[in-house]
Every structure is written in C-alpha cells, then in structure tokens.
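Before any questions on how it binds or moves, here is one chain, the form predicted alone, in structure tokens.
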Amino acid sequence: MTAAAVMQAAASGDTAPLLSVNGMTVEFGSGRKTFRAVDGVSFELMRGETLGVIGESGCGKTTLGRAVLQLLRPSAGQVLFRGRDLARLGGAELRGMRHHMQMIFQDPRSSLDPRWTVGDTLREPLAVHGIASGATADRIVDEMLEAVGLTAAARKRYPHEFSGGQLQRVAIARALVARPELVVCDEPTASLDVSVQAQVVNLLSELQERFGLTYIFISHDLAIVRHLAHRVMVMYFGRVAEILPSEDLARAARHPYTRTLLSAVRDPATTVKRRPQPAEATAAEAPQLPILRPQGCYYEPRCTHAEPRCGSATPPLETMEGRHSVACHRWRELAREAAA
C-alpha cells in the first residue's frame, strides 16, 4: 500500500487501526530504583502502514517494540491488536495471537540458532502454530526463501555459511513464514554495510506490498526511515516527542528535538555530516540525562527554546493538523517562526 493510500484510508475513517497503543508504560526495577523506559506512549497504526520510530540510544525504541509484541509486559496502558488488549491476554490466548505478530532483530547472528539449519529455523514457527508440517512445510519454507531472494538450497545450510546480508534475509524469512500481519523491525539494517542496507530496505518494501504487511520500523537512520516509513514517531527518554508524516519531516517538524536530529543528518549530495546550526549545537552535543529525570518536559535541560513552564509542566501530545502531533509547549510559536 502506498503512502497516499494509507493516509487516505486513515483520513476517511474507512479502515480501523490494526494496532492502538494507549498510555503504555514499561518500568524496570522496583521502589526508588524504578526506571521508566517507556513513559505513557500512545499511537495508532493502520493496516499496511509503516511507522518509523527514531531517537537516540536509550530512548526506549526497542523496549517499545518488544512491549507491543508482549515480549516485555507493559507496566500500564493498553496494546490493542485487532481490537484485543494483548496486555490482558495470557497463556494459550496470547500464544494464539503470536503468529500474527513477529519481530526482525538487529543482529541475525545472535538471533539465529547456529545448531539449526535454515530449514529447521523456518519450519519451527509453522510447527509451533500448527500451520504446516512435512512436505507442506518444506514447500512453504522454499517459497519464503525465494521471496527474500535466496534459493531452496539454503534450507540445508547453517547460519555460519551465510554473509551478514544473507543472514538478515533468513531472519526476515523466519519472521514472515507464518504470514503475520504486524512485524516489528528492530534496526534490521544497523549491522550491515551501506550497500546491503539498501537491498534489505528495498526487500522489506517489496514484501510489504506483496503480503500486505504492517511495520513498526525502529532505526537511528533518518534517511532510511524517511524512505520506508509512512509516518515517523520521534522518541526522547521514553516519551513521544512528535509524530508526523515522513514526507513532512524535513519541512514541518516542530519539536526542537526533532529539528536537532534533522540538523545532524548526512547530506546525501556531499556524504559529509552537516554540523548542527549554532542555536542547536549545545542541545545536539550535550550528554544524555541522568536516570533521575526532571519534572516537566524531559528535553528541557537540552532545549535552546525552553522557558520556565517547560521545566515544571509536562507538555501533552497535541494534534497540530491531520496526523501530525507534537509534545511541546511552544510548538505554535515555533510554527509561526518557521512560517515567517
């Protein structure tokens, strides 16, 4: 589904969200040592859509993806998938939903069992979910290997016999062999060479069209996210800073943190990393916050646009226009400044 088709369906209300996350919080530890990795995150994901999730290391991107799939249990909030709250399911009910939701991990070498052949790895989801066995399972495995650009002969080989790019294709095949609807891609190109990254991104795009997949695509790379995603969700220290259509990212971003990220993107025309603008340099180069978080906006200690209320009042995630939302007390002023 193209970006235009996804946005039109969402705007018309013809399509119910495949996934709705409402106030999801994930905490680690207990008592005074509790650390909140995901802090009250809410968003919706339409069928056939790709939501890119970006932010610095430690901002909660991977924890968010795992909590959506219930690999980590949220401490609070709802995760509605196909209208059912996954956070309330357990045992057989949750297992029954598993093959509809899968994950592609960042490092295929650590996520694939070195003792199993590729065929064993891809047959396992089919057996666990009672989808197929025997010759039927082998046929499905061969078809999926072909879909990701490998041959049926790969079924008899072990992970150490593949390159990094080929292994990521195997990992993608494993995630898709049970024909899920939702796939969480946790930085699937981070460990690959640049040329191979492009191949994997194009493959994910082709597979989305072919199988009608819905993606949550987690990445540090803004260029890749802008190419693949329909919308982008920017996270900072466990909270959502901004959600906007990817095509509007460069021209219409309003949160100061999003603009700081954009200021550090590599310029494809020169392949040289552009330095942050003078007003943004302090925020871009500042160290991460300590575990004890400030009141109000978490970005306030690094923000060049902060004012007193930013340090005391938490900004709500407000809808600007269409499907663009931002959590900033001063977004209206910043929008007027940008327009001027």
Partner chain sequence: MAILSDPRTDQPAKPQPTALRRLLSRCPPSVLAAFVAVALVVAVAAFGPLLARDPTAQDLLSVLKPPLTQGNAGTYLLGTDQLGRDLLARLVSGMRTSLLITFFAVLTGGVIGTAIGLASGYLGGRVDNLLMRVVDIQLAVPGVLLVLTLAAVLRPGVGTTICVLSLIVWVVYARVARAQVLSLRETDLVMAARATGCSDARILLYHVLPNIAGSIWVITTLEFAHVMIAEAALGYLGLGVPPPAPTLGAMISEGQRYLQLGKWWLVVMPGFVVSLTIISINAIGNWLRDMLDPRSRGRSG
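Residue numbers count along the first chain shown, from 1. In this text the structure is predicted, and so the values were computed from the model without any measurement.
From this point on, the text means the form predicted together with the partner chain, which you will not see here.
Taking the partner from elsewhere, every residue among S111, E124 and R174 has a non-hydrogen atom within 4.5 angstroms of the partner chain in the predicted complex.
With the partner omitted from this view, the residue of E206, E146, D193, E161 that lies near the partner chain in the predicted complex is E161 [heavy atom within 4.5 Å]. Though the partner chain is absent from this view, in the predicted complex it lies within 4.5 Å of a heavy atom of just one residue from L89, L71, A250, V265, which is L71. Using a 4.5 Å cutoff between non-hydrogen atoms, R66 counts as a contact of the partner chain in the predicted complex. Using a 4.5 Å cutoff between non-hydrogen atoms, V128 counts as a contact of the partner chain in the predicted complex.
Using a 4.5 angstroms limit between non-hydrogen atoms, F211 is distant from the partner chain in the predicted complex. Within this chain, F105 lines the site of the partner chain in the predicted complex, having a heavy atom no more than 4.5 Å away. Here the chain stands alone, but in the predicted complex its contact with the partner chain, taken as any heavy atom within 4.5 Å, falls in 164 to 172 among 254 to 262, 164 to 172, 133 to 141, 239 to 247. With contact defined as any non-hydrogen atom lying within 4.5 angstroms of the partner chain in the predicted complex, the stretch 309 to 339 contains no contacting residue.
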